[in-house]
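Consider the single chain below, provided in C-alpha cells and representing the form predicted alone.
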C-alpha cells in the first residue's frame, strides 16, 4: 500500500439553502496524517464525505492521487471510509466483514482469506476471525473496521470520529495504534475529530475549521503556539482569551479598566482579543514588566500531576490556567478567592476582533 495526495480546490457544499462548506481549498501530501478539527457543524464531516464520494460537491474539484474524482463513485476513488459507528455487518463474522470488499471485487476465496487474516493480525485481532461483531468490545470493533477499510486497498483512509465511542484509556491506546499503522503502511490518513488532544497527538497537519471555512492549517506545534485567530486559540485549547479595546500605544484596556501591555500596531479604540497560553500564566510576578490581572477563583480541578483553575475576571470574562499540582500546594487556592495573575508581554498574542459574516443563503 502507498498513500496518495489529496487536493481540494474551492470546494463548496450546500444542503438545501444551508451552506455547509464554503470554498474550501486544501492540499494533503501523500503519506501525511491530516486531522480536520472543529466544533459540530463546522463542515469537517461534510468535507470528508465529499472526498469519499458519499456527498457530491456543488462547486470545486476533488483530486486524489492526481485524478479528479468528482464524478467517480466511492469504490473508484482510491479512498476507504471508516465510519464513526464502524458499520460492521452484524450477520457476518469478523473474517467475512474484513473480506467483504475483496469479495465484491471478485478476489478468489483463498487469496481473500489470506489477506484478511494478515490484516487482522496487523490490527491485533489474530485469532478473532470467527467472532461476530456483537462479541467484540468497542476497541476490537474499531480494529475490525480498520482492517476492513484497509482491505479495500486505498491510497487514502478517511476516518470519521473513529475514537469517539471508546473510553478514555482505550482512546489513548488506539490513537497510538492508528499512528503506528499509518506510519507502517505509508497511507494518507484524513481524520475528522472535535478532540483537540486527539488532533494534536496524531496529526502531521491540523486543519481547524469554523462555519464551513478553514481558519488555520499547520503542524500541531504551529497551530498551538501561533493560533491565527481568537477562535483557533480558544478552540485548540490551552489559551486564556481576554477581550478589550486598544488604548494608548502598546496598551489594551479591559472592560474592568485594567490595562494590559501588548505589542500591537492597531489604532486606538480597536476592539481586540488577547490570547495567552494557560501554562504561561503564573500566580507570582516574575518581572516588573509583567502583565497583571485580578480574577476570582471559580473551580479547582485536580487532574493528577496538573491542576486546572477556572477563573472569572472582574468584568466577567472566564478563563483557565494550568499549573503543576506541587505548585498549587504552595498557593492554597480556595473557591471564590480573589487573586492576581501574571504573564509576560512576549506571551501575549493580540488580534483585531472582526464582525461575524452571515452565511450565504
Partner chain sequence: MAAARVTMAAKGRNAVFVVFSIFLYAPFLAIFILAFQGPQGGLNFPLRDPSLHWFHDLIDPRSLSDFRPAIGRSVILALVASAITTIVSLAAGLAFRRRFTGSATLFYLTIGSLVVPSSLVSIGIGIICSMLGIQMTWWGSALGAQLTWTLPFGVLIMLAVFSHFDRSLEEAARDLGANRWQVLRHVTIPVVAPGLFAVALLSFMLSYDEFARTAVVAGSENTLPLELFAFMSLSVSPTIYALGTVTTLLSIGALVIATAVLIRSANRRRAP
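Everything numeric here is computed off the predicted structure, so don't read it as measured data. Positions refer to the first chain, counted from 1.
Here the subject shifts to the form predicted in complex with the partner chain, a form of this protein not shown in this document.
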Closest heavy atom of residue 83 to the partner chain in the model of the complex, within 4.5 Å or not?
yes
If you check in the model of the complex, is residue 148 within 4.5 Å of the partner chain, heavy atoms only?
yes
Contact label in the model of the complex: residue 263 to the partner chain, heavy atom within 4.5 Å:
no
Any non-hydrogen atom of residue 74 within 4.5 angstroms of the partner chain in the model of the complex:
yes
Stretch from 100-108, 278-286, 165-173, 232-240 whose residues place a heavy atom within 4.5 Å of the partner chain in the model of the complex
100-108
Taking 4.5 Å between heavy atoms as the contact cutoff, choose which of 273, 88, 253, 119 touches the partner chain in the model of the complex.
88
Residues in 28-53 that come within 4.5 Å of the partner chain in the model of the complex by at least one heavy atom, in order, are 49, 52
